[in-house]
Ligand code: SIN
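Here you get one chain, nothing else, as structure tokens; it is the form predicted on its own.
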């Protein structure tokens, strides 16, 4: 992908905010294939690592007729938002389909995982050897339907950065590749840049307790020790979702990801909310911080500068 081919396009529904509270940048790319994407483009990597969204309107994932017939929200078991695989495991979760149909779904998810991972390697070669395929998911249910009945913490129609109560990352980045395989646009709200969001909510974050983190790990609430960094990220996630005034009035824009399009971002850094759409594929990729070309823009680096202290145990 040639750097000159990237065409910047801010898709805003409101006047530009002040320089201190800029909206996340959305840049459109002509990329149109998962394999053989072309030469490495330092501009695309810089955009994504600095907290932007790379939008590829022509990057379509081909769905077979046999797969398309399974595009039915009733395939969801109703307990989860997605039908998914975890890493390289072949066990499928969240599906109510028959064994034969699950075989089709599994093959589609594995094919998407392999395609998305190859795409990431082509776009960001510095991640080679430092990234891991996490969950691969298919979302058959309409976005937003039933969200109001969820806990506000689980309501993804509210803008947030990704942080997970039971799975501390210790600074490992959460890169996501999304593809709209439905017939309707997938609508997102995208908020302000991570730095200004964190500046707004950090005063609300309670003091970190190592004793409490150890207690949560012993009880099995967390899979490993919740670091100071993960403590802050989880509270930023919760504070943003809980603040309805912030959800209404903070700097933000709306973008429609067209059918047959894909987009890439670090979801631990981009303030986002899914408002509408149905049938989406998503690949989560965990990327080690040392592989970043611009680690100074990572949430960990931003928060350590703001807090004036190391936030990970091995950095203290």
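Residue numbers count along the first chain shown, from 1. Everything numeric here is computed off the predicted structure, so don't read it as measured data.
There is also a form predicted together with the ligand; it is not shown, and the following applies to it.
Partner-contacting position among 226, 173, 160, 113 - heavy atom within 4.5 Å of the ligand in the predicted complex: Looking at 226, 173, 160, 113 one by one, just 160 meets the 4.5 Å heavy-atom criterion.
In the predicted complex, the residue from 195, 101, 156, 238 that sits within 4.5 Å of the ligand by heavy atoms: When the ligand is considered in the predicted complex, the option within 4.5 Å is 156.
Heavy atom contact within 4.5 Å of the ligand in the predicted complex, the stretch among 287-295, 246-254, 272-280, 27-35: Partner-contacting stretch among the options: 272-280.
Distance check, residue 188 to the ligand in the predicted complex, heavy atom within 4.5 Å: Residue-level check for residue 188: yes, a contact with the ligand.
Non-hydrogen atom contact residue 138 with the ligand in the predicted complex at 4.5 angstroms: Residue 138 lies outside the contact set for the ligand.
Contact test in the predicted complex: residue 178 vs the ligand, heavy atoms, 4.5 Å: Yes - in the predicted complex, heavy atoms of residue 178 and the ligand come within 4.5 Å of each other.
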